[in-house]
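What follows is one chain in structure tokens, specifically the form predicted alone.
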């Protein structure tokens, strides 16, 4: 091979190798270092260079999108408030603290419960955001928050709920959609197409192999895998050509791009 041909080979080969590295998504922010779904966790994901963060959205009594995984406050609260988020008004939720004391002690005892709008404001122009909608009925409010910060091209909408994805598509057809399944099968690829979702997010019960990835690629559906914190499994998924890995350890995931 001549030197000119060799450099020509590198020009085409290197981008192909780089393209095989999966997108790394910080699950609930960099939740290994800071309370999940907190602004601190999101800031830490940005600091280490994660291309995307994932967050969960419930609702307040006023219908405002609130960033928290559980429908209730108990697990992560570091104050006296208990009960469902939709049992509190926006004003009442401003005083809720989500320091996750059972995991982080008093380190984040003053961490506030964020709204979706606050999270998007922090992320705008700095990191992509995957918004998992946990409850139906707040689709319009979520779309309004995304539009407020002009982040339509920086957001991916996640949901386990087909009706939520249908609603989002009818209201904002240009938003990217991802359908979540704990144990995905071939028929779920067809449901993705029916829901106008371009990606399928799969859990650990899903049998991921070359055949499944090939079938998804033939249907132009991306496969995203959650939640993976083991480097060996990340490497296996990379070898399969998976599109994205959602992880509590984005620091470990980003090392895949260096291999």
Ligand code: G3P
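A quick note: this is a predicted structure, and the numbers were derived from the prediction, not measured. Residue numbers count along the first chain shown, from 1.
This protein has a second form, the form predicted in complex with ligand G3P, left out of what is shown; the following refers to that one.
The candidate stretches are 24-32, 59-67, 230-238, 189-197, and the one lying within 4.5 Å of ligand G3P in the model of the complex by heavy atoms is 24-32. Checked against ligand G3P in the model of the complex, the residues 139, 132, 111, 145 give one hit for a heavy atom within 4.5 Å, which is 132. In the model of the complex, residue 180 approaches ligand G3P with a heavy atom inside 4.5 Å. At the 4.5 Å threshold, heavy atoms of residue 246 reach ligand G3P in the model of the complex. Along 151-166, residues 158, 160 each place a heavy atom within 4.5 Å of ligand G3P in the model of the complex.
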